[in-house]
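Starting off, we have a lone chain in the form predicted alone, written out as structure tokens.
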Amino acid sequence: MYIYKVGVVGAGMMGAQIAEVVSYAGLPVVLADINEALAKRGLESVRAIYQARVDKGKMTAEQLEEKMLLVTASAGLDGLNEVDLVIEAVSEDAKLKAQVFHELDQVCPRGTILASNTSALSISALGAATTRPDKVLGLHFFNPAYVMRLVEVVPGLATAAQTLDDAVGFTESIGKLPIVVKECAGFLVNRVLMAYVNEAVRALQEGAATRQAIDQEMVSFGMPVGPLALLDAVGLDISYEVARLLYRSYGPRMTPAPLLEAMLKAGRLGVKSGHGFYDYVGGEEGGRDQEMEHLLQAVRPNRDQGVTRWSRSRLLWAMTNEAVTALQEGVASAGDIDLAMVAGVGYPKDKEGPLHFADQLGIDQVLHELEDFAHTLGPRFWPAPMLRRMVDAGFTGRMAGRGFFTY
């Protein structure tokens, strides 16, 4: 089925960005919210994205106006009665999203595909809120949607094969890179990324390294931004909720670092509150963030136990181990996992993704370091069973000619 017209529900930041992406590709889009004021505010957000293109000389003012003619605002969902695809982008609240899907099911034509931009919630549960679960799936865009190419396409238990094919075709038609991901908590990217950033918080909490040392080390590895600065940018409230959801699904290895909750209670939400792991309002006295130091002292383990060892491998192998676990579960192929981590979070292109990087260093070496971390830091580093099977079979990576990939 060709998508001729698209609806977006939720005219906030992500909804406006998705509407801009769709209209930029030449498709008409209806941007809906609960009232006219919010819908029109979303329309102005779309215009602002286009205006930034004009300011950079990437399009003309005339082209801006042509693109804006493709975007209309709707107060409520009634304006979505003629669309072929709806992308829901409301707040990350399961009950709210289910209610939206229930209402969309009543408003939209029977052939309309209903998609959610959720980053972690159950697609199958959203499908169950409708009478057309075969037409429901996830389309997870990454922020900012007008820059990031990756879109996770997530079928639910009842999603029809044709619906999945249509969604993949649509994603490609708007210039994005679709990766089909088996439904699971956090899908692929957020699940693997959270293992990485949560370990960074633990390293800071334990006194293994300073905030600056952790972030600078990962930037020197090739990440676009350090893990703690990334958490500040995303928002610690959002990150903590994702961490809790992953913990509920995957258990102790995904236990949120206590420091995350402590910072949340202290109102340090990151950039949006002016304070997170870093201070963004210039209030540090003599370069020292007194409140942050007090928080660290409160959650830091007993000094008699000694300070844990810092190594960027802690973060990298936490990420790789979760990627291997996802591979074992059939969440995505090895190639798609690496592509998603490069396109979705900026894993260094020269290292090609966590599984390629493991092949480069040697899977036997990765297994050895994970076993050492499991012994010294805890069972969250327990190696994925697939790693040991591969080492026992001689599939140790590039030097052996076989690993996660064939060389």
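From 1 onward, residues are counted along the sequence shown. This structure is a prediction, so every number in the text was calculated from the model and none was measured.
Form predicted together with a small molecule: not shown, discussed below.
- Distance criterion of 4.5 Å from any heavy atom to the small molecule in the model of the complex singles out T118 from the list S239, T118, T112, T163.
- This chain is drawn without the small molecule; in the model of the complex, the residue among L260, V100, A318, M223 with a heavy atom within 4.5 Å of it is V100.
- Put simply, N143 is close to the small molecule in the model of the complex: some heavy atom of it is within 4.5 Å.
- When contacts are judged by a 4.5 Å heavy atom cut-off, A89 counts as touching the small molecule in the model of the complex.
- At the 4.5 Å threshold, heavy atoms of M14 reach the small molecule in the model of the complex.
- Mapping the unseen interface onto this chain, L38 counts among the residues with a heavy atom inside 4.5 Å of the small molecule in the model of the complex.
- Partner proximity in the model of the complex, defined as non-hydrogen atoms within 4.5 angstroms of the small molecule, places exactly one of 6 to 14, 394 to 402, 380 to 388, 19 to 27 at the interface: 6 to 14.
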